[in-house]
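Taking the form predicted alone, here's one chain by itself in structure tokens.
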């Protein structure tokens, strides 16, 4: 029971929670109080030289107040005390009354919630502070040095970030929830250079604590991924460019995560239904076919995951949501204040970057799941493009002489949720065959619904540790997800691989 009974730093603020309740009763208003206590460490080593060791902290609170009619105001502070919360409540209440005078939006959704008390404390093997900074620097330096020695054409940057974050959320109805969202990663960037040619690749391992550095299994996976990425960077120096066109494709799970998150997940967030491809007249198109009948898309918190968050910023438990089931749109990522207008139930999707922000409907860990995936025996890190070719032939997913491209590694991109257009970049492209041919990464673009309709198979088990930072309305929160090791997509006129013109 240690994870439930362990005391956190935010537990000391009982006087703040009580003062907020009392003042709100006097003002006859509802409220959501968000208390945050965060510590973090960053270590950055570039080519054997420590460039940065930084530590930081944030302790603060934000109060969102609602009048009886449903008008709201918000105020926040880096000072946490009983007097400070009283001042914030009164300030936010004044802003709420100004919102009424200005004809602002109203929502009484908060007043329909039932009170909730819960503690969700994730126990950690190697918590924040259990390893000195000198040892962290030593471990990272060893990783950086080993990878740098792989090839003299390589420049290697190794970054480690560790975050110890705690939240306490209280409401006027007696809700009082406490949870932590710890996270960590080790991230390697490889830049290969020869003459005028350069190529950059990445490899990382995410988690919730210092296990990303200390656990042998984490370390082994990181080094396998890193060696693979380093070798790819060097090989890309002499790689050609693929001709643009429409191809049968295989994408790996980090790229599938990018597709699920950027191109589909944001469109499923209910605070954007007025302009989303998944909305019609502000209502979510629940019940419509939006993907291949073998495709499901799921989002929800996963313990130990980099983006883990068990409770929303409004004090509502975060649900695991099957957004798409067997190709059919079933549900949205719905926060308290946009679910009703979108015509779907609240799923606790509200997240904030800090106590100084207002919640937005956001993803946590989003993954694409395919019915009846084909088995793969090797770990993902041990698979080569030649192995992938043999798997496609074995499962009759590739005809003799058929042209199939394998896109490896997600390197960001852009999406328009209103039209469903996406433009992504990948690290490298292989033309699959007995002797796969490597090409430089190129733009992967198209229509998201066409891409999801094009999925014909999944290979391997689900792998959901592709990590990133999700940006929305000037807030950044950790994100993660994935799919099976690989997804196979049939050629489609609305999915294009860029490059040289035909």
Partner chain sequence: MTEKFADELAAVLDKQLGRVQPSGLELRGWRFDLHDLRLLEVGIKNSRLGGPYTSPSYKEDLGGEVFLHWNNNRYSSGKLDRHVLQEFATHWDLWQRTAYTDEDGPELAEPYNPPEIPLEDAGVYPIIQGENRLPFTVLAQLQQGLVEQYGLHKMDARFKVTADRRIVRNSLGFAVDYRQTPVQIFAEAEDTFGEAFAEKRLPKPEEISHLINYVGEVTNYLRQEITLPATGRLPIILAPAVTEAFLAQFLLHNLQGSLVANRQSAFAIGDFQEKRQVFRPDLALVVDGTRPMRAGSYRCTAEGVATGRIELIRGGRLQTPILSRKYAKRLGMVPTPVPGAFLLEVPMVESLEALYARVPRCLVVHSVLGLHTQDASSGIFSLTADQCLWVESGEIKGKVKAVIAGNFFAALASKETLFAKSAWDDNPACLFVADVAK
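Positions refer to the first chain, counted from 1. Please read these numbers as outputs of a predicted model, since none were measured by experiment.
What comes next is about the form predicted together with its partner chain, which is not displayed.
Across the proposed site, 102, 191 and 421 without exception bring a heavy atom within 4.5 Å of its partner chain in the model of the complex.
Its partner chain is not drawn, but in the model of the complex it has a heavy atom within 4.5 Å of residue 74.
Although the partner is absent here, residue 78 is a contact residue: one of its heavy atoms lies within 4.5 angstroms of its partner chain in the model of the complex. A residue is said to contact a partner when one of its heavy atoms sits within 4.5 Å of a partner heavy atom; residue 149 fails this definition for its partner chain in the model of the complex, lying far away.
In the model of the complex, no heavy atom of residue 142 sits within 4.5 Å of its partner chain. Residues with any non-hydrogen atom within 4.5 angstroms of its partner chain in the model of the complex fall in just one of 336 to 344, 247 to 255, 373 to 381, 210 to 218: 336 to 344. Exactly one listed residue, out of 90, 224, 356, 431, brings a non-hydrogen atom to within 4.5 Å of its partner chain in the model of the complex: 356. The partner is absent here; in the model of the complex, the one residue of 463, 67, 445, 453 having a heavy atom within 4.5 Å of its partner chain is 445. Contact annotation for 153 to 177: residues with any non-hydrogen atom within 4.5 angstroms of its partner chain in the model of the complex are 153, 154, 155, 156, 157, listed in sequence order.
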